[in-house]
Structures are given as structure tokens and as C-alpha cells.
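Coming up is one lone chain in C-alpha cells, specifically the form predicted alone.
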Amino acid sequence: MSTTAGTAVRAQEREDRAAADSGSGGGVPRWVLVIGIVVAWVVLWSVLRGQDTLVLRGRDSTPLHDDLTAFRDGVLASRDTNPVIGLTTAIAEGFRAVFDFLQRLVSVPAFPRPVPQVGWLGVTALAAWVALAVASWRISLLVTGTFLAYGLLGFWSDSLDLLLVTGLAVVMTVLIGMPLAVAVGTSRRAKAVITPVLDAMQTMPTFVYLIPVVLFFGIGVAGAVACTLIYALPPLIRIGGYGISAVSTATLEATDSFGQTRWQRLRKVQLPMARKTIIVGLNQTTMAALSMAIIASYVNGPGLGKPVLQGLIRNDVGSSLVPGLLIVLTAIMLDRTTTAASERADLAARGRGLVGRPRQLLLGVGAVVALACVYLSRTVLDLATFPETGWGRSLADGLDSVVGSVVGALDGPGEVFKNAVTYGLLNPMQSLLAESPWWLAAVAIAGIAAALGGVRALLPAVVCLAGIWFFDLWNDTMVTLNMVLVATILVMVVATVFGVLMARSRRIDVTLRPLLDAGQTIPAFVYLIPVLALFGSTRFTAIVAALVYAAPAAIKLVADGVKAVPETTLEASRSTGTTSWQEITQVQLPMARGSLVLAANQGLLYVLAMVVIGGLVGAGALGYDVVLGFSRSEEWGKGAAAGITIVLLGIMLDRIGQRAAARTGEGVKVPLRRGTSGAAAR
């Protein structure tokens, strides 16, 4: 671009790069340093290949893993004397008692009755009325349709169990999380203490929560509620705390002038003014709880995750897709309901929707109808148990047929794509990472961290690498890292293409954004089902599932970053006759590089979580070690070591990505959008 505008843009780019690279000490561009490190790594690898790779094959373990297993056995043996285990056991018993009561109330026979206390008709009517009361009649229809779908497809009890686990975890999350959100929003000292803990919790892949939870709370509903509660806690604390702290200082000073106490200020000013943001946090918490409640099926947690998992194990796509679709429907129902509830007060204040006496009349009539349905469902057996329709089996057979046809049609192109990625990226990178001497790989990774993020990335990288070496799963970690890097490369290719298209075309943005929003509400577990049908049980399945899972968040970040490029800059470049390709490659993408790095960072974390889950479908490595740990008691130590190693890997990648984004994207403000992941909301 030989224009004045292009020259100005390039000059600004050079200044930005110089400012960003000034912290590296030598003035050498960072990409040159990275390439130099990789070249030196490859040269040494070609000489030392296969030496000191620290391979631990199959179910082999090390003395450290055996010691961890012995620690677990000791903790279990001290159940009667250890106060911590006594406390968690009591909490677990409380969870079981409450869940058992709720289950008998709505989803399983309450002995001596042959049916629940409230049958399907009463439950559906009550749910519809609650949706009408807190949201609108449209949401009430959505809730009614969702509950009817549970019964018509033959998953009534499993669906209600999923809602019970999710609801129980969300209630506990609110009880614990709101005081912490208030502390974060009103005290800098509390925020400084709590925020790093939230960072670690949100960096940790969901699968890893299961290992300590099984130890302290056992399997079944108690373990499911406990891990769901822990996973769903950070979004409410972080977003709720932000809402409280964002209340205008002028408003607080004005109300303080009336002599109110801190408690009165919190209760009458800060919480009411932060209400909408807090409900957004509750929405995120609910989505996180739903996602984790499904993963908890691995520890025998009740709900729709069980039939999905059974279908995956049998490689029965149709049987796993039907409950998977109900999970998606549930996620949409909960998302839309909480969102509509957060907006209802504002709409009512503007006179939109049904308000005043007509609304009260509708709610009154609805309450009478709901109570009548509850009475009928308690007294008429046919209205207590959902009639068998066989629609679920028919739908599963139909889906099997459709998936078979799609797989047949895509078999050729899919195989070509699979081979291209496997032989072009996956195998060469795995050979470099996993067949290098461990010390060479460690030095190279630390060098790349220093080149990308400076000292503040190097220090956590060294600490995490030392921890990974200590827990004796170095080779499996390199294999997992390879899959994460390959999947992230694919994510960024997809994100860049679609992000630029969305930024440059309002029509494409309007079309794709709702699909991306919907994609972010789908639990990670569900993405595995169609990909497994297409590619079978291989490591490539986990990579493609991770690509599908991580792409929505990355695409939106890239689109928002490209869209944030000033229009005046674009007009200046267009006035000099630049082509569209030149505008994208020489103006928009360079100026949005901070967003690209941030998208890569978020993509890495999403991909890591999914690749670990993919351990069940052939991805192996650390994901397989974790599954082995909580499925076989004698392997618990190895599973725990794998879980800790995954956390270290996640923290290392996150810190490198954050520092690289901070240095690259200085001055670039990326508007964060609401997503289902706490990581995305940060």
C-alpha cells in the first residue's frame, strides 16, 4: 500500500510494535525470536530425538502416583476421625436428603404412592406459571413446550433430575456467592484476595473438578451437586461484584450525604442499581451449572448426562443425540428465561408488554389453573405419569439414519481433511513435542514464553513446567499440548475468516451472531456426539469437537476487534484506492492484532477443556489418565496427578496468552460480550 493513509497506518503499526517490543530488551521483533527458538529446537530434536522423553505407557504408574493413591486411601480410612472428611460427609448427606425429597416430589414414585407427589401435568403447569410471573407469556410457552418435550421423548425423570441438580447447585451458589460478590464489589482488599482464586477456578478444565470432589463428597448426587456448585460459583462472584462496584461514585456520595450507614447504602442503593448485572451473573452461573451437571454423569450424577454418556460408550449416535437435544433445549429455556426476567422490570417501566391490572388478572387466572393441574396430577394416575409415546426411539432411529447419510456423504472430504491435518500438523508437531528430550522441550517452551510475554510470562511458565515434570506425566502432557495447539490453530483460522466477514457485513453479522450465541449455550459434552459419528474414536475427534466448541467465542472476539478499527482509518485507506484484500490484510487485521491474540488465548482455554473431555473418545493422554483415575480406585493417584498437570498446563497457557495479549493489544479495547464461559466473560 503505497498511499499516504497506508504509510500512516504502517508508521503507527511500527510505533506500536516498537513500544510493545521495547520490553523484550533487545529490540528484536518477537516473532523473529519465536522462530529462532523453534528452529534451534528442531535442529537439536533431529539429533537427540527419542532420548529422555519420560514416556509412561498404558496403566504404568510411578512411586509418586502410588503415594497419591495411598493418600486417598488414608483419607478414606480416617472418615470417622478426620474433621474435614466428617464435614464434607455431612454436607453430602444433606445434599442427598434434599435431592431425595425433591425427586420424590416431582420425578420418581413417592412410596407408598406409585407416582410422584406432583405429576407431570402439575409440574408443567407450575413451571409455566413461574415463567409467566418472572418473564412473559412467550417464555411461558417456551417452558411449557420444553417440559412437554421431556415427556414426549421419554426422558421425563432424567430431565427433571437434571433440573433438580442444576437448581440445587444454583441455590447454593447464590447463598455462598452473593456475600462474596458484595465483598468483591465493596472492598479492594477482598477483591485482591478473591480474584486470583477465581482465575484459577476458571482456568481449570471442568473435568478436573471431579477428582477431588469424588474424594471428599463421594459419587452420585452429592458429588454432582458439589462439583456443579464449585464450577458455577465464579461467574456470579465476578459479574455480581463488578455490578456492585460499578455504581456511580456521585450517586453514592449523594446518598451518603443523608447519613446512611454502609448496610443501608448496600441494601437501598448498590444492590438495587446492580440488579440487572447481578441477574446476568446468575444467568452465567445457571449455564455453567447446567454444563457441569452433565459432565457430573461421569461420577454417577443423575440427569440427562447419563443417557448421553451411555450412548457415547456404545457409539449409538441416535440414542445419545435425543437426550443431547433435550439438554440444548434446556439450556435455551434457562438462558432465555433468566434473560427475560432481567429485562422485565425495564420493559414494564417503559409500558411495554402486559402490565398493571391485566397482568395481575392473567397471573391470578394462571395460578388457579396451575393449582387445579397440581390437584389433578395428584389424584388421577394417568395425569401423574407421562404416557409412553415411543417418539424418542423413533427420533433416535431417524437421527441415526440422517447421521449415517451425512457421514456417508462426508466420508471422502472428511477423510481428506483428517489426513491433511494429521499428516500436515498433528504428527510433525507431536513428534517435536513428545519425542524431544524433556529438558529441551522445557527450555524451548520457556524461551517462547519469554519471547511472547516477557518476564511476567516466563516466571509462571517455569513454575508450571517444573510442576508438570514433578508429577511424572511429561510425555502425556506434551501429547495433550500438541492437540491443544493444533486445535487452536484451526480455531484461529475459522475465527479470522468468519470474524472478518461479520465485521465487514452487517447482514452476515446479524445472521451468524444468534447462531454463535446459541452455540455458546450448548454444553461441551453435546459437541462430541456428531463429531464422534463422523470421525470415530480417535484423537482427531477431540480436536474437531474442540474446534466446534471454541469457535463461537473466538469468532465473536475477532469480529468485535476488527469492527473496532476506526472508520476514519478505513476511509483514509479506501480514498487511496486500496483493494478489499489490502484493507483486510494491511489495515484491519494488523490493527486488531490485540483481539486476535485475545481470541487465541480464549480459544486455547476452551480447546484445553474439550481435549481433556475427548480423552473418553480416543484422545488419550492426560484426559484418559483423568478418566482412569476416577473410574478405577487403584489408579486414583495417577488420575489426580493428571488433573493437577492439566491445571498447570492451563495456567501456563493462560498466563502466556494474557501477557502476549497485553503486550500486543495495548490500547486496543475489545468489547467483551456475554458468554456462557466465565473465562470468556473476564
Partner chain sequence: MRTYRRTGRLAALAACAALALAGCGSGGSIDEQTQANEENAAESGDCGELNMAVNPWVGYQADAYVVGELAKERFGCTVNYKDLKEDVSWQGFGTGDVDVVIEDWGHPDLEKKFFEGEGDGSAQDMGPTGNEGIIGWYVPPWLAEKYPDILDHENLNKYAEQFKTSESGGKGQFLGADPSYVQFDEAIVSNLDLNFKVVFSGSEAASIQAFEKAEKNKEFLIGYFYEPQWLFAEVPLAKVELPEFEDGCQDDPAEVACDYPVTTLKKIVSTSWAEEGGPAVDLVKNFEWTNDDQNEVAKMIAKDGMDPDAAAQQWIEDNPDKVDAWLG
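The term rigid core refers to the most C-alpha atoms you can superpose between the two forms while keeping them within 1.5 Å. Computed from a predicted structure; not experimentally measured. Numbering follows the first chain given and starts at 1.
One more form of this protein should be noted, the form predicted in complex with its partner chain, which is absent from this view; the next part is about it.
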>> Give me the residue from 584, 98, 376, 508 that has a heavy atom within 4.5 Å of its partner chain in the predicted bound form.
In response: 376
> Which one of 243, 318, 594, 366 is close to its partner chain in the predicted bound form, taking close to mean a heavy atom within 4.5 Å?
Replying inline: 366
> Which one of these stretches, 441 to 449, 232 to 240, 487 to 495, 377 to 385, sits within 4.5 Å of its partner chain in the predicted bound form when only heavy atoms are counted?
Replying inline: 377 to 385
> Is residue 120 close enough to touch its partner chain in the predicted bound form, meaning at least one heavy atom pair within 4.5 Å?
Replying inline: yes
>> Under a 4.5 Å heavy atom criterion, is residue 297 part of the interface with its partner chain in the predicted bound form?
In response: yes
> Wondering, does residue 189 line up within 4.5 Å of its partner chain in the predicted bound form on heavy atoms?
Replying inline: no
> Do residue 537 and its partner chain share at least one heavy atom pair within 4.5 Å in the predicted bound form?
Replying inline: yes
> What are the residues of 416 to 441, in order along the chain, with a heavy atom within 4.5 Å of its partner chain in the predicted bound form?
Replying inline: 418, 422, 423, 427
>> residue 74: after superposing the rigid core, is there a C-alpha shift of 2 Å or more between the shown form and the other one?
In response: yes
>> Aligning on the core only, does the CA of residue 155 end up 2 angstroms or more away between the shown form and the other one?
In response: no
>> With both forms fitted on the core, check whether the Cα of residue 424 differs by 2 Å or more between the shown form and the other one.
In response: yes
